[in-house]
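The data below hold one chain only, encoded as C-alpha coordinates and taken in the form predicted on its own.
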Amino acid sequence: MNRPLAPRVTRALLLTVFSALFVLYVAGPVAWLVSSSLQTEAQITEVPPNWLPPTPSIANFEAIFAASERVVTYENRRQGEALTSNFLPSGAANLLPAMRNSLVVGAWVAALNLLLSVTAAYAIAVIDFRGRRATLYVALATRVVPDIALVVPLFLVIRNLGLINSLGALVVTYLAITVPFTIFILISYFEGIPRDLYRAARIDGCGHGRALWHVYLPLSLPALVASLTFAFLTSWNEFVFALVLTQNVAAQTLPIIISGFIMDFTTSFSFVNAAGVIAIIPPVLMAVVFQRYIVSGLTAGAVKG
(Lines give C-alpha, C1' and ligand atoms only; values in the text may rest on other atoms or scores of the structure.)
Protein backbone atom coordinates (compact mmCIF):
# COMPACT_ATOMS: atom_id res chain seq x y z
CA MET A 1 0.00 0.00 0.00
CA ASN A 2 1.29 3.45 -0.90
CA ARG A 3 2.31 5.73 1.92
CA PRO A 4 0.30 8.97 2.38
CA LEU A 5 1.62 11.86 0.33
CA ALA A 6 1.57 14.50 3.10
CA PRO A 7 4.15 12.83 5.42
CA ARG A 8 6.54 12.25 2.50
CA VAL A 9 6.27 15.88 1.38
CA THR A 10 6.78 17.11 4.95
CA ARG A 11 9.83 14.88 5.39
CA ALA A 12 11.34 16.03 2.09
CA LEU A 13 10.66 19.67 2.98
CA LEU A 14 12.30 19.31 6.40
CA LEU A 15 15.34 17.58 4.90
CA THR A 16 15.67 20.37 2.34
CA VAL A 17 15.41 23.12 4.96
CA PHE A 18 17.90 21.53 7.36
CA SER A 19 20.30 20.71 4.52
CA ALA A 20 20.17 24.33 3.35
CA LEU A 21 20.81 25.56 6.91
CA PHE A 22 23.75 23.18 7.27
CA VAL A 23 25.27 24.29 3.97
CA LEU A 24 24.80 27.93 4.99
CA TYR A 25 26.45 27.25 8.35
CA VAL A 26 29.45 25.52 6.76
CA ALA A 27 29.89 27.53 3.59
CA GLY A 28 28.74 30.93 4.89
CA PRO A 29 32.04 31.94 6.55
CA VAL A 30 34.00 30.90 3.47
CA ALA A 31 31.66 32.84 1.19
CA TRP A 32 32.05 35.93 3.39
CA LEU A 33 35.83 35.49 3.38
CA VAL A 34 35.91 35.52 -0.43
CA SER A 35 33.39 38.36 -0.71
CA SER A 36 35.15 40.63 1.79
CA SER A 37 38.52 40.01 0.16
CA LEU A 38 37.13 41.68 -2.96
CA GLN A 39 35.96 44.77 -1.05
CA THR A 40 37.68 47.82 0.37
CA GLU A 41 37.90 48.36 4.10
CA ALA A 42 35.20 51.04 3.92
CA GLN A 43 32.80 48.66 2.17
CA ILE A 44 33.41 45.91 4.74
CA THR A 45 32.63 48.19 7.67
CA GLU A 46 29.38 49.56 6.20
CA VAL A 47 26.11 48.96 8.06
CA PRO A 48 24.25 46.96 6.90
CA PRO A 49 27.13 44.84 5.53
CA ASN A 50 27.64 44.23 1.84
CA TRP A 51 27.22 40.49 1.45
CA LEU A 52 28.28 40.84 -2.17
CA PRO A 53 31.02 43.26 -3.28
CA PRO A 54 29.39 46.43 -4.71
CA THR A 55 32.39 46.93 -6.97
CA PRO A 56 34.65 43.84 -6.87
CA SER A 57 38.31 44.78 -6.66
CA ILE A 58 41.49 42.71 -6.63
CA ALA A 59 43.48 45.54 -5.02
CA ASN A 60 44.06 43.48 -1.88
CA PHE A 61 45.56 40.61 -3.88
CA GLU A 62 47.67 43.02 -5.89
CA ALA A 63 48.98 44.47 -2.61
CA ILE A 64 49.97 41.00 -1.43
CA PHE A 65 51.97 40.18 -4.55
CA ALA A 66 53.51 43.66 -4.70
CA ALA A 67 54.29 43.86 -0.98
CA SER A 68 57.97 43.02 -1.47
CA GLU A 69 58.37 46.08 -3.72
CA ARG A 70 57.07 48.55 -1.11
CA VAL A 71 58.97 49.79 1.90
CA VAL A 72 56.61 50.10 4.86
CA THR A 73 57.41 52.88 7.32
CA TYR A 74 55.40 54.55 10.06
CA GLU A 75 54.94 57.64 7.90
CA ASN A 76 53.56 55.99 4.77
CA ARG A 77 51.40 53.66 6.89
CA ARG A 78 49.72 56.72 8.38
CA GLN A 79 49.23 58.22 4.92
CA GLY A 80 47.48 55.04 3.80
CA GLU A 81 44.80 54.46 6.38
CA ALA A 82 43.06 51.10 6.66
CA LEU A 83 39.89 52.50 5.07
CA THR A 84 41.78 53.20 1.86
CA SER A 85 43.37 50.80 -0.59
CA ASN A 86 46.82 52.24 0.15
CA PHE A 87 47.25 50.63 3.55
CA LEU A 88 49.80 47.84 3.78
CA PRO A 89 50.29 45.94 7.07
CA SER A 90 53.76 45.57 8.44
CA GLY A 91 55.12 42.16 7.55
CA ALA A 92 53.04 41.92 4.38
CA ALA A 93 56.17 41.08 2.39
CA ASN A 94 56.56 37.94 4.53
CA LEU A 95 53.27 36.42 3.38
CA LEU A 96 54.43 34.70 0.19
CA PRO A 97 57.71 33.41 1.71
CA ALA A 98 55.63 32.02 4.60
CA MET A 99 53.38 30.28 2.10
CA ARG A 100 56.44 28.71 0.53
CA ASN A 101 57.56 27.54 3.98
CA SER A 102 54.14 25.99 4.59
CA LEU A 103 54.28 24.16 1.27
CA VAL A 104 57.78 22.84 1.96
CA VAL A 105 56.90 21.68 5.47
CA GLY A 106 53.62 20.15 4.31
CA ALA A 107 55.29 18.23 1.47
CA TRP A 108 58.02 16.83 3.72
CA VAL A 109 55.58 15.91 6.49
CA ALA A 110 53.21 14.19 4.04
CA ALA A 111 56.01 12.19 2.39
CA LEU A 112 57.81 11.14 5.58
CA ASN A 113 54.54 10.49 7.37
CA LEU A 114 53.45 8.12 4.62
CA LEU A 115 56.80 6.32 4.60
CA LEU A 116 56.81 5.77 8.36
CA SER A 117 53.11 4.96 8.63
CA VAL A 118 53.03 2.45 5.79
CA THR A 119 55.86 0.34 7.17
CA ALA A 120 54.58 0.50 10.75
CA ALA A 121 50.99 -0.29 9.75
CA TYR A 122 52.10 -3.23 7.59
CA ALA A 123 54.13 -4.69 10.46
CA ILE A 124 51.28 -4.37 12.96
CA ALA A 125 48.50 -5.54 10.61
CA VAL A 126 50.30 -8.39 8.79
CA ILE A 127 53.32 -9.66 10.71
CA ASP A 128 52.66 -11.76 13.80
CA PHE A 129 54.95 -10.66 16.60
CA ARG A 130 54.55 -10.40 20.34
CA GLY A 131 53.20 -7.07 21.51
CA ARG A 132 51.98 -5.77 18.16
CA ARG A 133 48.62 -4.64 19.57
CA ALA A 134 50.34 -3.02 22.51
CA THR A 135 52.51 -1.12 20.03
CA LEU A 136 49.41 0.27 18.34
CA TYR A 137 47.78 1.25 21.62
CA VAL A 138 50.92 3.03 22.81
CA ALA A 139 51.10 4.97 19.54
CA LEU A 140 47.44 6.00 19.79
CA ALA A 141 47.82 6.89 23.46
CA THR A 142 50.26 9.63 22.49
CA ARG A 143 47.38 11.47 20.80
CA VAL A 144 45.32 11.48 24.00
CA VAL A 145 47.66 14.08 25.47
CA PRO A 146 46.62 17.64 24.43
CA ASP A 147 49.09 19.33 22.11
CA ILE A 148 49.44 22.30 24.44
CA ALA A 149 50.84 19.99 27.13
CA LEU A 150 53.62 18.90 24.76
CA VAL A 151 54.78 22.38 23.78
CA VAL A 152 57.43 22.79 26.50
CA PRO A 153 58.89 19.24 26.30
CA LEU A 154 59.08 19.41 22.51
CA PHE A 155 60.60 22.87 22.65
CA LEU A 156 63.36 21.60 24.95
CA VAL A 157 64.03 18.60 22.71
CA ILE A 158 64.12 20.70 19.55
CA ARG A 159 66.38 23.26 21.23
CA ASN A 160 68.83 20.55 22.32
CA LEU A 161 68.88 19.26 18.75
CA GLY A 162 69.74 22.76 17.50
CA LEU A 163 66.68 22.94 15.25
CA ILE A 164 64.96 26.02 16.70
CA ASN A 165 63.93 28.52 13.98
CA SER A 166 64.17 25.92 11.23
CA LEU A 167 61.69 24.12 9.02
CA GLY A 168 63.17 20.83 10.21
CA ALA A 169 61.83 21.52 13.71
CA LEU A 170 58.30 21.77 12.35
CA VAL A 171 58.69 18.62 10.23
CA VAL A 172 59.87 16.55 13.21
CA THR A 173 57.11 17.91 15.45
CA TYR A 174 54.31 17.42 12.94
CA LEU A 175 55.40 13.84 12.30
CA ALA A 176 54.88 13.13 15.99
CA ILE A 177 51.34 14.47 15.62
CA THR A 178 50.29 12.80 12.36
CA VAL A 179 52.01 9.40 12.34
CA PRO A 180 49.89 7.69 15.06
CA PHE A 181 46.60 8.57 13.39
CA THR A 182 47.72 7.57 9.88
CA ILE A 183 49.03 4.28 11.25
CA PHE A 184 45.54 3.61 12.60
CA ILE A 185 43.94 4.43 9.22
CA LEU A 186 46.32 2.17 7.29
CA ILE A 187 46.01 -0.73 9.74
CA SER A 188 42.25 -0.74 9.28
CA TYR A 189 42.70 -0.81 5.51
CA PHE A 190 45.47 -3.44 5.49
CA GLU A 191 43.42 -5.75 7.69
CA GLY A 192 40.56 -5.53 5.18
CA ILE A 193 42.72 -6.93 2.38
CA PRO A 194 42.21 -10.72 2.00
CA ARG A 195 44.92 -12.62 3.83
CA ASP A 196 45.08 -15.12 0.97
CA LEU A 197 46.77 -12.51 -1.21
CA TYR A 198 49.55 -12.18 1.35
CA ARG A 199 49.96 -15.94 1.58
CA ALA A 200 50.07 -16.26 -2.21
CA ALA A 201 52.76 -13.58 -2.40
CA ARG A 202 54.83 -15.32 0.26
CA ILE A 203 54.49 -18.67 -1.54
CA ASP A 204 55.72 -17.01 -4.74
CA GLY A 205 58.87 -15.99 -2.91
CA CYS A 206 58.04 -12.38 -2.00
CA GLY A 207 59.60 -11.00 1.15
CA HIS A 208 57.78 -8.51 3.32
CA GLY A 209 59.10 -5.59 1.30
CA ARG A 210 57.89 -6.96 -2.02
CA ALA A 211 54.56 -8.07 -0.53
CA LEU A 212 54.02 -4.55 0.77
CA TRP A 213 55.03 -2.96 -2.53
CA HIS A 214 53.23 -5.29 -4.95
CA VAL A 215 50.18 -6.37 -2.94
CA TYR A 216 49.22 -3.96 -0.18
CA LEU A 217 50.15 -0.57 -1.59
CA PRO A 218 48.30 -0.94 -4.94
CA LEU A 219 45.15 -2.06 -3.10
CA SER A 220 45.39 0.70 -0.49
CA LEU A 221 45.42 3.78 -2.71
CA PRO A 222 42.39 5.45 -1.03
CA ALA A 223 43.91 5.04 2.44
CA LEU A 224 47.30 6.27 1.21
CA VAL A 225 45.78 9.40 -0.30
CA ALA A 226 43.70 10.03 2.83
CA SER A 227 46.81 9.71 5.00
CA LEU A 228 48.80 11.97 2.69
CA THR A 229 46.08 14.62 2.69
CA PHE A 230 45.57 14.44 6.45
CA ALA A 231 49.29 14.93 7.13
CA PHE A 232 49.55 17.85 4.71
CA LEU A 233 46.47 19.66 6.03
CA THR A 234 47.52 19.15 9.65
CA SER A 235 50.91 20.74 9.03
CA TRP A 236 49.35 23.47 6.86
CA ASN A 237 46.90 24.59 9.56
CA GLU A 238 48.97 24.02 12.71
CA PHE A 239 49.57 27.15 14.78
CA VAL A 240 50.74 26.48 18.36
CA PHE A 241 53.96 24.57 17.65
CA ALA A 242 54.84 26.85 14.75
CA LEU A 243 54.45 29.87 17.02
CA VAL A 244 56.73 28.44 19.72
CA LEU A 245 59.40 26.83 17.54
CA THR A 246 59.90 29.61 14.98
CA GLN A 247 60.60 33.07 16.31
CA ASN A 248 62.55 33.91 13.16
CA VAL A 249 60.36 35.41 10.42
CA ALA A 250 62.32 33.55 7.74
CA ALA A 251 61.16 30.19 9.17
CA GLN A 252 57.57 31.06 10.06
CA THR A 253 54.61 29.51 8.28
CA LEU A 254 51.43 31.02 6.90
CA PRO A 255 49.20 30.91 10.05
CA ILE A 256 51.81 32.79 12.08
CA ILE A 257 52.27 35.55 9.52
CA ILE A 258 48.52 36.04 9.03
CA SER A 259 47.95 36.22 12.79
CA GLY A 260 50.57 38.97 12.88
CA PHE A 261 48.38 41.11 10.61
CA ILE A 262 45.58 40.93 13.18
CA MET A 263 47.85 41.81 16.09
CA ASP A 264 49.23 44.85 14.26
CA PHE A 265 48.40 48.29 15.72
CA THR A 266 46.09 48.89 12.73
CA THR A 267 44.20 45.98 11.22
CA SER A 268 43.07 45.88 7.59
CA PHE A 269 40.39 43.22 7.52
CA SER A 270 40.14 43.27 3.75
CA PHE A 271 43.87 42.54 3.47
CA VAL A 272 43.67 39.79 6.11
CA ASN A 273 40.73 38.20 4.30
CA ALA A 274 42.59 38.31 0.99
CA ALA A 275 45.50 36.54 2.70
CA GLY A 276 43.01 34.01 4.06
CA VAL A 277 41.68 33.30 0.56
CA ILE A 278 45.22 32.60 -0.65
CA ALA A 279 45.81 30.36 2.38
CA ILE A 280 42.79 28.14 1.70
CA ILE A 281 43.54 27.56 -1.99
CA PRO A 282 45.96 24.58 -1.57
CA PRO A 283 43.74 22.69 0.94
CA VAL A 284 40.64 23.26 -1.17
CA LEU A 285 42.41 22.03 -4.30
CA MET A 286 43.57 18.89 -2.48
CA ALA A 287 40.09 18.23 -1.12
CA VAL A 288 38.50 18.62 -4.57
CA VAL A 289 41.06 16.51 -6.43
CA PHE A 290 41.24 13.68 -3.86
CA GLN A 291 37.69 13.82 -2.50
CA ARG A 292 36.75 10.30 -3.60
CA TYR A 293 39.90 8.77 -2.12
CA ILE A 294 39.67 10.74 1.12
CA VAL A 295 36.12 9.60 1.90
CA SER A 296 36.78 5.93 1.13
CA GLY A 297 40.14 6.01 2.89
CA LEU A 298 38.85 7.53 6.13
CA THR A 299 35.88 5.14 6.27
CA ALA A 300 38.03 2.06 5.65
CA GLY A 301 37.56 -0.57 8.27
CA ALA A 302 34.67 1.25 9.91
CA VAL A 303 32.34 -1.67 9.11
CA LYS A 304 33.62 -5.21 9.00
CA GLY A 305 31.48 -8.16 8.16
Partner chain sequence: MRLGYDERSAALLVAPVLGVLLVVAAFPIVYSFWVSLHDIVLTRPLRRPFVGFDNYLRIFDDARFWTAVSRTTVYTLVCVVATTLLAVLVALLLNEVFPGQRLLSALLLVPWATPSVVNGLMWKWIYDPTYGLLNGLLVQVGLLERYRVWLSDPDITLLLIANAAIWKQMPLAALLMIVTMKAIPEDLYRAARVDGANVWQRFVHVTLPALRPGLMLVLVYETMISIRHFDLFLIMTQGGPGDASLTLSWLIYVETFRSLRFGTGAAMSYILAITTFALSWAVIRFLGKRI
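What you are looking at is a predicted structure, and each value in this text was computed from that prediction instead of being measured. Numbering follows the first chain given and starts at 1.
A second form of this protein, the form predicted in complex with the partner chain, is not displayed here; the remarks below concern that form.
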Practice prompt. Just give me the single entry in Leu224, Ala92, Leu233, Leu167 that has a non-hydrogen atom within 4.5 angstroms of the partner chain in the predicted complex.
Written response: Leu233
Worksheet entry | in the predicted complex, the one of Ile64, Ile44, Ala251, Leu38 near the partner chain [non-hydrogen atom within 4.5 angstroms] | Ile44
Discussion item. In the predicted complex, does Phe155 come within 4.5 Å of the partner chain, counting heavy atoms only?
Written reply: yes
Worksheet item: Is the gap between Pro53 and the partner chain in the predicted complex 4.5 Å or less for some heavy atom pair?
Response: no
Discussion item. My question is simply whether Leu96 lines the interface with the partner chain in the predicted complex - judged by any non-hydrogen atom within 4.5 Å.
Written reply: no
Item to complete: Decide whether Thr173 counts as a contact residue for the partner chain in the predicted complex under a heavy atom distance cut-off of 4.5 Å.
Response: yes
Practice prompt. Just give me the residues of 17-46, first to last, that have a heavy atom within 4.5 Å of the partner chain in the predicted complex.
Written response: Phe18, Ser19, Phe22, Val23, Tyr25, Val26, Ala27, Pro29, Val30, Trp32, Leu33, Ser36, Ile44, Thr45
